[in-house]
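Heads up, the chain below is alone and in the form predicted alone; it's given as structure tokens.
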Amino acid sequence: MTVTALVTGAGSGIGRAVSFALAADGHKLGLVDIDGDRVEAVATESIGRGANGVVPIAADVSSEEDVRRCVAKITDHLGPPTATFANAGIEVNGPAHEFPLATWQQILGVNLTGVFLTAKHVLRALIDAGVGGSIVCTGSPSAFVGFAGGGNAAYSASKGGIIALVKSLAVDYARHGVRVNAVVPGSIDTPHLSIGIPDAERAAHLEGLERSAGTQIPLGRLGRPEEVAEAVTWLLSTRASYVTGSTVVCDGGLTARSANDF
């Protein structure tokens, strides 16, 4: 059955992979990213991959007016988004005692408030239309464990908040036929892994990550965006019709592994 799907952070990485997976299934897509050129490119490719209509929108998910506009436009053109992937996020790291308040607020504004606003306006659209649906939000292993590299307080707080938000929304909106879940990607081979790395150093940085994955991740490698997309599209579909308030971890066993070898 063809549905209308909304994907935020659709311009690259996991959001892009999910957009293509949904397109291959013939769904209608509302694609949102802060980078207008990137989301237009994903929209064009999604049509070629089988999407049954695409509305690309450049927007900032931390702005309620932007999110309201996105959901209204998608609903007007394609119907209410009964499958939503609230995925847009940013990461800036640094020691907490030196971390600028403005940067903290920016990270929570995009990662946590952006997910809340996306869910808020999608839920309103679904309730107004009298239909149920599925919302999947992107978490992180940092919601559960501190990263050895450190400096992750703001990002961790935002992702921990998403996990708590998912559980609350799942309970509140089950009576409306809306399921809400989280997907937790681990070390996935996306541009996100190279944030803050100069272009000239990026290849060496990725090689180092691959070597580390061989010893630190039980499956012995970085993940692929398409692997996370499989989990997301399952959660969005009726195949996961009895799953809500849950967290699906796609991290190659990273958070299952103890650092102690005894």
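These numbers were taken from a predicted model, which means no experiment stands behind them. Don't overthink the numbering: it's just position in the shown sequence, from 1.
Although it is not shown, the form predicted in complex with a small molecule is what the next lines describe.
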Just to confirm the contact call: exactly one of 166-174, 73-81, 86-94, 124-132 touches the small molecule in the predicted bound form at a 4.5 Å heavy atom cutoff, so which is it?
86-94
Give a yes or no for Val55: in the predicted bound form, does one of its heavy atoms lie within 4.5 Å of a heavy atom belonging to the small molecule?
no
Look up in the predicted bound form whether Asp35 has a non-hydrogen atom within 4.5 angstroms of the small molecule, and give yes or no.
yes
Within a 4.5 Å heavy atom cut-off, is Pro141 in contact with the small molecule in the predicted bound form?
yes
May I ask you to check whether Val110 falls inside a 4.5 Å heavy atom distance of the small molecule in the predicted bound form?
yes
Would all three of Ile14, Val61 and Ile188 be in contact with the small molecule in the predicted bound form, where contact means some heavy atom lies within 4.5 Å?
yes
